[in-house]
Ligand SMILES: Nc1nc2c(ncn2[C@@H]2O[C@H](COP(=O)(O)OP(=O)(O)OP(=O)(O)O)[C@@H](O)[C@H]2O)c(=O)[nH]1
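Starting off, we have a lone chain in the form predicted on its own, written out as structure tokens.
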């Protein structure tokens, strides 16, 4: 008998649209990632569905018959929430909820919900609230009936003086303005902190797809950080000093001095990262733009390694990092290579000849990473060409922010 006092997870069903030219494998990968997002938010996933349809239905996005079939199965499995991998309009969410009698959340709403759950600092909470307000503004449904105003009196025709939707919009726009002012102030504080850091220490930022091992690498290099096997475990930038080993002269002999650098762990990226979050976290991502070098961390055992690296490159391009890539050295760190067999590691070496293969938890590969950072100090930055995975994706941007 189960313990009646233990909390029950809210059950959900996942759906994604598949058009006539869409391959099955990518859709299944997207649904698998959506399932991880749902679990990160505390849902129990009971089913996944690829809904094939030649075109998007304007009212419900998916076919009404398909939605009714999904709702019937969800009801049998005890699910009460429908999570969609596609971004929906407010009217489409309303139509789906009326048709299925289930709560409906799209991918962007789910990611925002996770960020709201994880935000700890004042800056992170303000950034997430700003993103939520900008997401909700075009989707207002006028739920705040206690704020409705009624007009009337001499010279007026009577009836509502200001509709509920207008009140809602005005209040959210006011809040957006307040949050933007607050974030400008917090960015000024952050810039002051940057200027107060020792000028002789290079600043290295860890970037990559969410849950690729950035926090594990931060802990391995600096001793700080608490790695978690969660999507978007890190929202706030954490900067710590890292030991790089003894300083060497031109002959490779120790000089007696010790070299250090500052390493910053940043919010992770993800496919279809909501543009509201990219904009709201622009000040936090300033740590990436202003870093002296980047360590791009990737999960070597990820079956979609190439796709996720392209997401990282696209997101870096979105925040302006690839505009002057020749001034900002980057090292690709392929983490968790211990999960691969030797032939797979050799294939990785051929595919990514300039990458460092590492296991952050055990310390494997850290000497190579430290040596690469040491070589940056001192001396001018060497010109570099973009790697093949950093080039613009000819198929268009699929991507997405975390950890």
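Positions refer to the first chain, counted from 1. Keep in mind that what you see is a predicted model, and the values were worked out from it rather than measured.
Same protein, other form: the form predicted together with the named molecule, not shown, and the subject of what follows.
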Hey, with the named molecule in the model of the complex, do 268, 339 and 361 all fall inside the 4.5 Å heavy atom range? yes
Given that the partner is absent here, state which listed stretch (306-314, 88-96, 231-239, 173-181) has heavy atoms within 4.5 Å of the named molecule in the model of the complex. 231-239
If you check in the model of the complex, is residue 212 within 4.5 Å of the named molecule, heavy atoms only? yes
Are any of the heavy atoms in residue 216 no more than 4.5 Å from a heavy atom of the named molecule in the model of the complex? yes
Any of the heavy atoms of residue 329 lying within 4.5 Å of the named molecule in the model of the complex? no
Can any non-hydrogen atom of residue 286 be found within 4.5 angstroms of the named molecule in the model of the complex? no
Which residues from 80-114 come close to the named molecule in the model of the complex, meaning a heavy atom within 4.5 Å? none
